[in-house]
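Take a look at this single chain in structure tokens; it is the form predicted alone.
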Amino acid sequence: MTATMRALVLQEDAQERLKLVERPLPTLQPGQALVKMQAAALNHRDQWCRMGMYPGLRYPSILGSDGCGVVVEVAEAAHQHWVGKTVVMNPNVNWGENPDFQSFNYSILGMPTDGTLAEYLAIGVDRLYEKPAYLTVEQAAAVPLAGLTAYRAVFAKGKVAAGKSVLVTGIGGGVAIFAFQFAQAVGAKVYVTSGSEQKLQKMMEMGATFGVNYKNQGWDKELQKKEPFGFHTIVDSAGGEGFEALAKMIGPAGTMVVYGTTAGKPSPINLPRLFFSQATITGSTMGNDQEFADMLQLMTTHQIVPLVSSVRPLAEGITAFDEMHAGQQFGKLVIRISE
């Protein structure tokens, strides 16, 4: 009898796009390890896949880019030292040789390759990193994709350093909170925006320099009063109608890093304001393999603990997607898979 596992599978059926099903255990290929998953975490790409709004969808597929588990088997004796270790997985697939830009056959764990929302995962041993010892498995599961995306945005693209003024927009999601934590850890002054007063209050308790509700009229003027010469770095995932206001707040020779468009098409910006201030607007997504290792090292050095919004069992995993769709989370949505 073929051994099976439970997995959250993306299906072509529009009436039931996501379903918890039994699947055969993955067969190891050369260079791979079999990981018994203990916890996994959601990202917005998982919900976009569920909604049919992600490129290159493949059915059926096991979603999930983030996770933590124990290596129980390896394909080759040379990798036997991994067996028994608790690991997190680098979600990059084929980043390529250029550290500045991913290769044209780049993808992310969880689509089109089967991901972490299953009881077992087959993955290349070169994607494995030992779990930071100070983190629980739930906290470690929350790190990979969001932590990597934030690290590249903050440091490689945003050039954040001690004493710099930084604005992180749309606080509440995993990447934005990591961006805040990373910038704060190196001594930057970090401001935040959110559409939730409750989330703003929580960020102030975490040490934010100032927070403003972008739903309030004149929110941008409040920030300009605090930083009249603009921000050294702005990290934005929204775009939308507030984009023009953000562009006006880039300081001299400053940078706005954009890693998403959750609010839709950006409003037009004042180009003369941009070039006369020597400002930069740059795109960023994910990060290279070296940045993944550097991100874990930064977290360990500063003992940064991810914010976990909720933890629930795999049997209730679809409700986590519903919570993400409603935008109710503050931090990462984690699914406990096994002990």
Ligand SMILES: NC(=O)c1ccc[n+]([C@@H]2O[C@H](COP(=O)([O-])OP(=O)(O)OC[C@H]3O[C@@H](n4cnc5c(N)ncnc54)[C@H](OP(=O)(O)O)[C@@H]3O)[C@@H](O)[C@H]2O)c1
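Every value quoted in this text rests on a predicted model; they were computed, and no experiment measured them. Just count from 1 along the sequence shown to find any residue number.
Below, we refer to the form predicted together with the ligand, which is not included among the displayed structures.
Annotation: in the predicted complex, residues G174, G195 and Q329 each come within 4.5 Å of the ligand through at least one heavy atom. Contact between M324 and the ligand in the predicted complex is found at the 4.5 Å heavy atom cutoff. Taking the partner from elsewhere, M299 is found to have every heavy atom lying beyond 4.5 Å of the ligand in the predicted complex.
Within 4.5 Å of some heavy atom of the ligand in the predicted complex lies at least one heavy atom of T262. Among heavy atoms of L145, some come within 4.5 Å of the ligand in the predicted complex.
When you look in the predicted complex, the only residue of S284, S309, Q32, Q38 with a non-hydrogen atom within 4.5 Å of the ligand is S284. Screening Y120, W82, F155, Y214 for any heavy atom within 4.5 Å of the ligand in the predicted complex leaves a single hit, Y214.
Heavy atoms within 4.5 Å of the ligand in the predicted complex map, among the stretches 23 to 31, 270 to 278, 288 to 296, 42 to 50, onto 42 to 50 alone. Interface residues of 229 to 255, taken as those with a heavy atom within 4.5 Å of the ligand in the predicted complex (partner not displayed): S237, A238, in sequence order.
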